[in-house]
Structure formats: structure tokens, C-alpha cells
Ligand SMILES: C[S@@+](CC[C@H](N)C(=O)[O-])C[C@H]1O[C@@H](n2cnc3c(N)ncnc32)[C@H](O)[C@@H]1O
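Next up: a single chain in C-alpha cells, the form predicted alone.
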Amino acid sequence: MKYRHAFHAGNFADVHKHITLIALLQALARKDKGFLLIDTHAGRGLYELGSAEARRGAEASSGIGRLAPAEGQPPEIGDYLRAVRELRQEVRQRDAYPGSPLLATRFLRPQDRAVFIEAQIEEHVALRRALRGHERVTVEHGDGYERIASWLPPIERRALVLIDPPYEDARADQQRCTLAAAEALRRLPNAVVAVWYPIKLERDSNRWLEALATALGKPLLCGELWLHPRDSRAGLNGSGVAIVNAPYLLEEGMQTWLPAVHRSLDVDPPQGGWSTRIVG
């Protein structure tokens, strides 16, 4: 596998995915009972936006680089920006950017647990270093798709499973996402399963989402953000998160913060959009 997220850290897809993750964690935290977070493709945890890898495509400039605190901003955006700012202060790096593990740990309570799985050994070692000292957190080196079965059902009987593969081989990852999500739901039917997916060609994304909903036998809440026309050849046109067993009022929240994120990121001039929809 050649994929390295350092080339893409902080881009618009990261912004979308990470705000969605925070919203999910906060929704689950409305109940006092703890839950288990499983992140199947956790990455290295901490990125440096000033590194040679990040500067190559300068993708963060159209992502986190365009998002700033503003009066009247939806709370989900404010919570995300505050988490990034606080982490930068802690590590004393003004260009630091947290991956999903370091963001998630800021929103876990004492009764919650997390398992972060990473297959690439160098990324795994970096992740262990980044999460040193965090309690109730397990960092594993392994195949995240396969390791889901080892952690479900959890003692808490509540779980959020984040499946966020690189899609280097899009068809293979789509198939493995479907099997992994199905296994998670078989072991814990009430699990909240969030699958990130790239939008490159709209018809291909829609075809797969319909197949995923059919395979799981449950509807998907899909939140999408795109900065390029959804059927263009720009490469990564948009970002989507498909959620099974979406928490109560999550969609209503997304309909507030998604357009605000879109307004901030889609400039020069605007070409994209946002949407929430139920598939299946």
C-alpha cells in the first residue's frame, strides 16, 4: 500500500469527515452510558501541514486553511476548530493537524473507550507515540476490517465504528467496507457505523451506496460535501459519510453545519454544494 495521508491532511475531505466524527461522538455522549469507538484506518494521529508531503499538493489551503471562527457559527464547527487550536498549543506546533484519533480522544468521556487500528507499521508506530499517555485507548497494528470482529460486541453494548479506507483499489475497499459494516451490525445491531467515501463520479458513488444499503438491510444517512462538480474529472470532487443507525437529530444538525462549511470552503468561484439524504 502506497497511500500516505500526510499528503492530504487537513484538506476539505478531512474537515468534512472530522466534523462529522465530532458530531457523532457528541450525539452518543448525550446518554450517560459509555461506548466503544473503533477506528479501522487510524493513520498516524498527528500531521504537520508544513511538511514536504503536505506542501506538495497544498490541499490544506482549501480545507482547514479556509475555515476560521466566526460569530453565529454552528457549534460543531466551533468545537472542531477549538480542538485543532488546543492541540496545536499542546504540541507547540502552529501547523499541526490532528487525525481522527487525536480529535476523538478530546471528546471521549471517562466511561468511553477507543480502539485505533492501523495496518502500516510506520504509521502505527507514529500513532502509538502520538497517543502515549491517553487512558482507555488501545492502539493496534493490524487489518482494521478484520479486527472489528474481535472488539464487538463490547461490554458497553454501544459502539461507533468508523471505517475510513484509502480507496486505492476502490472496488476492493468498497467490498471490504460492505463486509465489515455487515459484520459489525451482525455482532451489535445497534452499532452506529460511519463509512467515509470519496466522490469522484456521482453515478459510481450512488451505485455503491444503493448496494451498501441493500446489503446491510438498513437505510443510510449520507452527508456529502463537494467542491467540484460531482461528475467532473477533477479527481476528488467531494467527500461523503454514510451512517447506519444515525443518532437522533444528527441529520438536522448536519443541515445546519454542512452549508456553513460549504460557504467557507467553496470559493474561487463556488462550484460545489452539500446534501443530506437517506439511501435505502
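One rule holds for the numbers: they count along the sequence shown, beginning at 1. Here the structure is a predicted model, which is why all the values come from computation and not from measurement.
As for the form predicted in complex with this ligand, it is not shown, yet the points below apply to it.
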Considering only heavy atoms, tell me if Gly142 and this ligand come within 4.5 Å of each other in the predicted complex. yes
Partner contact for Leu37 in the predicted complex: this ligand, 4.5 angstroms, heavy atom: no
Is there a heavy atom of Pro153 lying 4.5 Å or less from a heavy atom of this ligand in the predicted complex? no
Is the gap between Gly78 and this ligand in the predicted complex 4.5 Å or less for some heavy atom pair? no
Tell me, please, which stretch of 179 to 187, 131 to 139, 114 to 122, 85 to 93 lies within 4.5 angstroms of this ligand in the predicted complex when heavy atoms are compared? 114 to 122
Kindly indicate whether His41, Ser100 and Pro166 are, all three, within 4.5 angstroms of this ligand in the predicted complex, using heavy atoms. yes
